[in-house]
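Here we start with a single chain on its own, the form predicted on its own, put down as structure tokens.
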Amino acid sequence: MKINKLYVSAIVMILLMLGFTYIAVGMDSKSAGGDIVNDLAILGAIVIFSATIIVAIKYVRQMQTDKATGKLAEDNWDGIGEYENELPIGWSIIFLGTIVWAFWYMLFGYPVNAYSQIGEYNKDVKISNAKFEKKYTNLTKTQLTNMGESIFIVDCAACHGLAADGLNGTAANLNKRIQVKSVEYVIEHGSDNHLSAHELATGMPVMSAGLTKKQIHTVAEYVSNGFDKSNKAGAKIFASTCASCHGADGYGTPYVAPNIHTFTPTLVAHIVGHGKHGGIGVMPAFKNLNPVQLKAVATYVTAISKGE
């Protein structure tokens, strides 16, 4: 019986594949046999390679012996037609099989049910945060301030500076409640930050209508300078434009507008936890801080803004 050279070549290639696999990973328990994942990966590689060789040989042989038959499609390109051959059954079964396997893999295989480092990390973080909150629930104001200072140095000082002075305008100067350009920006652009720390707050609309640039600057200076009574023009503009929401002295109205006279721990915690847009730039939300840490850093920032 004469064996075709193609089949001989296929057998040789498969044997070489097995040989190289054995040399590369070995068959002892320390390398492949000790880990089922490695075993399956090696077996899969062998099966895929073997199937590829066999299928390639089949179609090479088919090209050597088969003749074109069947009905030509009506469409052609430069006289080159296409036969209306049915889809091979084997190909169809394999294609449908890969779809079924993909759904199984996603829903019942590795992604949902298997071990996940991210899942383990999230679980550990949740447990750690629960222990942290339980341990540090009833801290005094001094303890909260000290903890907040440590958190501020790690997470906030890179932008705001160790002295919380904003590093020459790269971030907000936290030694005072609000800066002139920040007030001007909010008046001219509005705010979607919900900074009253109440989830029902709807943000601040643009309030520049009817105000000139000079008037906006005047009222911004009035607010930034701690509602300076000597700035009568700014006080008048504030009373007619801003006081209806922020209150006559800027201490805010619950569920309507934030306190713009002084920082409060609730307000700072909301800003740190949600981030904000302003005249200086965009501050990201610090989702890595748990509620106790947010309260601590908020207490610290409020303290330094009041010079405490």
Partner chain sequence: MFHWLEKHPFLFAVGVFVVIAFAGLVEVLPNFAQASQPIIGTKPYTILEYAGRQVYIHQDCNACHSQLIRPFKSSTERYGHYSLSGEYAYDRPFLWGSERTGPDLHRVADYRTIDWNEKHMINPEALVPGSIMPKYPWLYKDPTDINTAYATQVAAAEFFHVPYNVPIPLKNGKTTIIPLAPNLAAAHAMALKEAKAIVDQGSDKTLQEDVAHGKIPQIVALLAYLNQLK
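All figures in this text were calculated on a predicted structure; none of them were measured in a lab. Under this definition, the rigid core comprises the largest set of C-alpha atoms superposing within 1.5 Å between the forms. Residue numbers count along the first chain shown, from 1.
Below, we refer to the form predicted together with its partner chain, which is not included among the displayed structures.
117, 167 and 282 all contacting its partner chain in the predicted complex, non-hydrogen atom within 4.5 Å: Yes: each residue has a heavy atom within 4.5 Å of the partner.
Contact test in the predicted complex: residue 206 vs its partner chain, heavy atoms, 4.5 Å: Looking in the predicted complex, residue contacts with its partner chain do not include residue 206, since no heavy atom lies within 4.5 Å.
Heavy atom of residue 9 within 4.5 Å of its partner chain in the predicted complex: No, residue 9 stays farther than 4.5 Å from its partner chain in the predicted complex.
Residue 231, heavy atom within 4.5 angstroms of its partner chain in the predicted complex: Heavy-atom contact with its partner chain at 4.5 Å: absent for residue 231.
Contact of residue 235 with its partner chain in the predicted complex (heavy atom, 4.5 Å): No.
Which of 153 to 161, 182 to 190, 220 to 228, 206 to 214 sits within 4.5 Å of its partner chain in the predicted complex, heavy atom basis: Result of the contact check: 153 to 161.
Residues of stretch 123 to 142 in contact with its partner chain in the predicted complex (4.5 Å, non-hydrogen atom): The stretch touches the partner through 125, 128, 129.
Cα displacement of residue 76 between this form and the one not shown reaching 2 Å, rigid core superposed: Yes, residue 76 moves 2 Å or more.
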